[in-house]
Structure formats: structure tokens, C-alpha cells
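Starting off, we have a lone chain in the form predicted on its own, written out as C-alpha cells.
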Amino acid sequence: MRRRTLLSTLALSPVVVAGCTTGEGVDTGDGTGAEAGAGGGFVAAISAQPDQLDPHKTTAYASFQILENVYDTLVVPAEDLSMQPSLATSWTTSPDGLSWTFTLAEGVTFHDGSPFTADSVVFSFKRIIDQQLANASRFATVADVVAQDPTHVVLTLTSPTPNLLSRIGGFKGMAILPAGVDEATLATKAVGTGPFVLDSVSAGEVELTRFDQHWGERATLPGLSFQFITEPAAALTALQSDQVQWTDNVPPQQVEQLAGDDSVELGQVASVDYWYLAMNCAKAPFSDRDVRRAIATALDRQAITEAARFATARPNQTAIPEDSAWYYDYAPFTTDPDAAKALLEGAGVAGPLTMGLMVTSEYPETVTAAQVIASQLEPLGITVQIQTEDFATWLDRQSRGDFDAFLLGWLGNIDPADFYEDQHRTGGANNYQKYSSPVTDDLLDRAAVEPVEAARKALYDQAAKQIVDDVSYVYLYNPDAVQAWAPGLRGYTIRPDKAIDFDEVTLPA
């Protein structure tokens, strides 16, 4: 992608919040392109609204679909997911691996006109660390962040961190902001260095305009907009009728048919995502490991996968997909209702059990999967109450621990730490299910600092086994990334991490 590369060097992750749904435009100030507000005639349809637009606070994929085009990070994943230069043009490490020095791009300007310097990096990283924001755990081994001079920043570590680059550049949650930015406005405004400027936010749409002072080659579109279409069939109809020009909300049951349909161009690639069921380990009876194991034993993952995704996903009892070098082939659960009943009885759950299962209509596959799960657990005497929430409510309930169980997915994972660390370490930033295991914690801690890749994989394999055996998550399947766009559209590449980059897109004549 051109915007990932400095011209001078040619070098080479879902929701409604009050602040985002007022219907009022957001004035982002200076720096927009000449065609500000024009939209460029390009509309992308996504399935959910952003919960907010502060890259350091949101964890919603819908937010990052937009922010990918607005912000930059020091380094960035290439299409093969290797980490490449972005706002940092190069870096060196000390012999002991405890000091990393990043050389920064010069002549880079933020959307508000302020210059990008080492102080911007220090401010951004320390904001995440000091305020313990969503990705603070990514700096677990960072002792200090210091501006050596305007074009060099040094990260001092407490222990070697082999995946530091993916920690600081894997997605736009690690975006660089200008030092001294008005933090109170970031939920609805954005001040990045990316190829597009956030122009306006309303209940149904976010509009971006081209940033003509961008440090790389400027975007080919004068602007673009994101519209929120929850129903996949409606998103596809909008694409086929030229109301939108791109969508990732494609009905999975129609993928095979669409492959031969001249009205759309279809992209499909194995993703690095996983979808799962989590039960509340802090709430009886799901606090009992055998109850969770009973449910894991009763489920038919193949049936769940086929219902939710048809032929666009593969069942997997661990998180990392089969085509990854980090894949661990471990599948201890065989669908066995009788064994599941025995586990429940052994846990003292002899009578009927009700389990609330929280899903969101903004990700329809969660609703479909929940319906199949409910039918599979019914023979055990478990009544599943499917609780369908808008995504803002879903996220709020998840963060408060107000659930028996929920369904969702983690998207855009790159390093094995992305799959396991924050979700399963005791007190982890994304450990909403409140799982705690000293064995798992120790394995994850050791893997995080292990410099030898084979030894590191062995530790993550052991951690994955413990997580699966304890049923911190019931892993269900790995989906494909499936997207569709208007015939003749050029300059877009579908990626396994689902990063949505529109900077090189040109519309058909």
C-alpha cells in the first residue's frame, strides 16, 4: 500500500455511543483536501457503527475499519503480515534486546497542522500506559519511552520482547496522536497523519475527505464514506444497485453463487480471526470448570460453523487458524451429549439450568450460531435464553461482567500473543470472562519474552492446551475474510487481518 511507504525511502483488530450518534457533523479543522465533503462517490457498507473513535480506547472492529484510513502507527503489517516501516523509517536494537531506537519520518504533518516528532510518540505511548487504556498490556515490558531528539525515540524494556513490532504496530489501537491533543474530543473527532481526515459523524454514516498534505502519495479518492447496514442481504442489494461500492457484510450462504456473478467482484482469503463462546467464570455454575467442559463437550462445532458461515469457515478448537505457522493441532472435545450430562451431574447440576447467551444483531452470525447452540444444549436440560443486543449495549454488558455467556470473535490477530495474552491472563485487559489460572499465566509470561521462535511456539502451544482444557473460551471456528466490491474498482486488496485500506482505490469509469 502506498500510504504505508514514505516517498523519500520507498521502503517497505462494533457499535453505537451517544457521542457518535447525534447526527451533527464534526468539524475537524484544517488540512482537508480541496474536495472536502465531496465523499468521492465511494461508499463502504459495514455491519456495525463505531462505539467511539478514540483509537486508544475503542476495541471495536467497526471503529478500526474507519480509523485504519485516518491514523498511522510507527510500523505497520504488510500484506503478508510482516512488520514494515511506517512513521518509523528504521529501528535498531541493543545487543541485550532491552533498548529499541526508532528513527522517525521527517516532514510528516498531523491533520490539525501540527508536526509529527518524537514527542508525539512519547505522548501517545505514555497516554496508553499512564491511563491504562485498552492496549496498555502491549507495553507490559516497556520501562520507559524517551525522545532522544525530534527524529529518534527510544523504548527501554524490562525484558527482551521478540514481538515488540507487532505490539506497537499490529493495528490502529497503537496510533500516534499529536502531543497535547484535546483528549476530550477524540471520541468523535480524530487527529491523525493518515491519508484521510475524519470530516463528519452521524447516526448512519461517517465521512472522510482526502488529506492532501499526507506524507506519502496522496489518496486517489477525494473522499469516502462508511455507511452502517446491519443485514447482509441489504448490504449486498445496496452493492448490486450501486448505492455502495464495497462491503464486507456479504451473506455467507451466497458466496458460492456470487463467485460467478458479474454484478460484483468477490474477494475471499483465509483470515487470522476466530469466533468463540465465553462463559462467565466468576458466576455460578459457570465458575465450575466441569460445567464449562460439559457445554464444550455437547457442542457440534461443525454444525455451528455451517449454520453461521456455510462454506466460509473451518471448525477449530484452538484459536490460531490451520494455515498459520503458529497453529496448534489440539481438539480434545468430541460431541458427546451423554458425557456432557455426566460432567454436569458430577458438578452437582442435576436439574434444569438456564444460560443467558448474549449476541448482537450487528454481527448476525452470532445470532445464528446461538440458535444452533441452544438446540444442541437443550437435551442436557440447559435452556439457552438468547439475548440479542445492539452492539453498544453488548459491549457495555461485557465490560461490566453482566452476562452468563456471550458469542463474538477476535479479528486481525498477527502474533500468538494477540490470540491468547490479553484474553486469558489473570486480569488481562480483554479477560471479560474472568478466567484465572497460575499455570496459564506462567506460560504466557514465559512465551512473551522467549527469543527463540521454536521454544516460544512450544510455550504458546502449552498455554493453548491449558486454555482449551479449562474452557476459558469455547473456540468454534476460523472464518474467511469475504468482501465484495463494484466491478471495475481498482486498487483494493483483501487482507487476512481485515485491515481496510482505501487510499489507492479508483472507481470504475
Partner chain sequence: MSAPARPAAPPVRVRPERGRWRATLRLLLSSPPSLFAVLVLLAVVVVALFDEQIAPTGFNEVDVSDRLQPPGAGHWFGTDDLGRDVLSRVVLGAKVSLQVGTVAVGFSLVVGVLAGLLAGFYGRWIDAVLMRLMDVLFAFPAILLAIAVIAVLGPGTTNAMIAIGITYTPVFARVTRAAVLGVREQVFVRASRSVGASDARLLLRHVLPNALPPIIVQTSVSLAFAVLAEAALSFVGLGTQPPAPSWGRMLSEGRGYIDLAWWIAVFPGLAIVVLVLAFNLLGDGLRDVLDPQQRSALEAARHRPGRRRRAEVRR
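What you see is a predicted model; the values in this text were computed from it and never measured. Positions refer to the first chain, counted from 1.
One more form of this protein, predicted together with its partner chain, exists but is not displayed; see below.
Note on the interface: of 327-335, 80-88, 362-370, 159-167, the segment with non-hydrogen atoms within 4.5 angstroms of its partner chain in the predicted complex is 362-370. Site annotation in the predicted complex: the residue of S99, S263, Q148, Q253 reaching within 4.5 Å of its partner chain with a heavy atom is Q253. The contact residue chosen from E306, D144, D112, D212 relative to its partner chain in the predicted complex is E306, the criterion being a non-hydrogen atom within 4.5 angstroms. When contacts are judged by a 4.5 Å heavy atom cut-off, I386 counts as touching its partner chain in the predicted complex.
Proximity of S375 to its partner chain in the predicted complex falls within the 4.5 Å heavy atom cutoff. Contact check for T92: every heavy atom lies farther than 4.5 Å from its partner chain in the predicted complex. Contact check for Q257: a heavy atom falls within 4.5 Å of its partner chain in the predicted complex. Scanning 205-239 for heavy atoms within 4.5 Å of its partner chain in the predicted complex gives just one residue, E231.
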